[in-house]
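Given as structure tokens, the chain that follows is alone and in the form predicted alone.
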């Protein structure tokens, strides 16, 4: 039996669902239609195949995910990934933290920031813009009402414009939801 992964890592663990994923060979037309839009350019994951049990919701979820995480303009892709990592650290979602830490490292071409975040969480010593992004995303993930106008001012002081701040709010919030689904529907296990 595989052991549940409990520590943050950039090595993406296997995610083992508690619910049997939809089998593409026996999927309904509605499920197949909902699966036409995948969350990334990778193969359809077991997570998405579990979500396909509710095709109407999945049909809306995947385009929303893509629009938040992959749209052009606004916050950089790497910084959106940092928002996802921050939310996943707060929510202790080992799987999502690993996936999005790996993507951040690839996009930023630097592993230092993620190493610091995984080691020191909110005390991570990062360059000012990235630190402001991390702090805001973590605060928003811990308790949305705790994110105040002063936090928004800190983001602006760090160089973020309103469109970038909106992207950060959306990416962090998206992962507050995704993390809870991941926890409920399965668990990360060592391969």
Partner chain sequence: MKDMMLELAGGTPGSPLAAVVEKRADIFALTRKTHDAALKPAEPGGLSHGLRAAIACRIAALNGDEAFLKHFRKALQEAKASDAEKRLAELSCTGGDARETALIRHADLVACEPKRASGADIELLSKAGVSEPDIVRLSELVAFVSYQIRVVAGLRLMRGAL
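What you see is a predicted model; the values in this text were computed from it and never measured. Residue numbers count along the first chain shown, from 1. In this text, the rigid core denotes the largest set of C-alpha atoms whose superposition between the two forms falls within 1.5 Å.
Another form exists, predicted together with the partner chain; not displayed. Remarks below refer to it.
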Query raised in the report: Can you check whether residue 173 is within 4.5 Å of the partner chain in the predicted bound form, heavy atom basis?
Result: yes
Query raised in the report: So in the predicted bound form, does any heavy atom of residue 129 sit within 4.5 Å of the partner chain?
Result: no
Report task. Would you please decide whether residue 57 lies within 4.5 angstroms of the partner chain in the predicted bound form, comparing each non-hydrogen atom pair? Result -> yes
Report task. Determine whether any heavy atom of residue 90 comes within 4.5 Å of a heavy atom of the partner chain in the predicted bound form, and answer yes or no. Result -> yes
Report task. Would you mind picking the one in 44, 152, 27, 158 that has a heavy atom within 4.5 Å of the partner chain in the predicted bound form? Result -> 152
Report task. Scan 124-155 and note down the residues that get a heavy atom within 4.5 Å of the partner chain in the predicted bound form; none is a fine answer too. Result -> 136, 140, 141, 142, 143, 144, 145, 147, 148, 149, 152
Query raised in the report: Superposing on the rigid core, do we see a C-alpha displacement of 2 Å or more at residue 57 between this form and the one not shown?
Result: no
Query raised in the report: If we fit on the core, is the Cα of residue 144 displaced 2 Å or more between this form and the one not shown?
Result: yes
Query raised in the report: Did residue 144 and residue 157 drift closer or farther in the predicted bound form, going by a CA distance change of 3 angstroms or more?
Result: farther
Query raised in the report: Are residue 99 and residue 145 closer or farther apart at the Cα level in the predicted bound form than shown, by 3 Å or more?
Result: closer
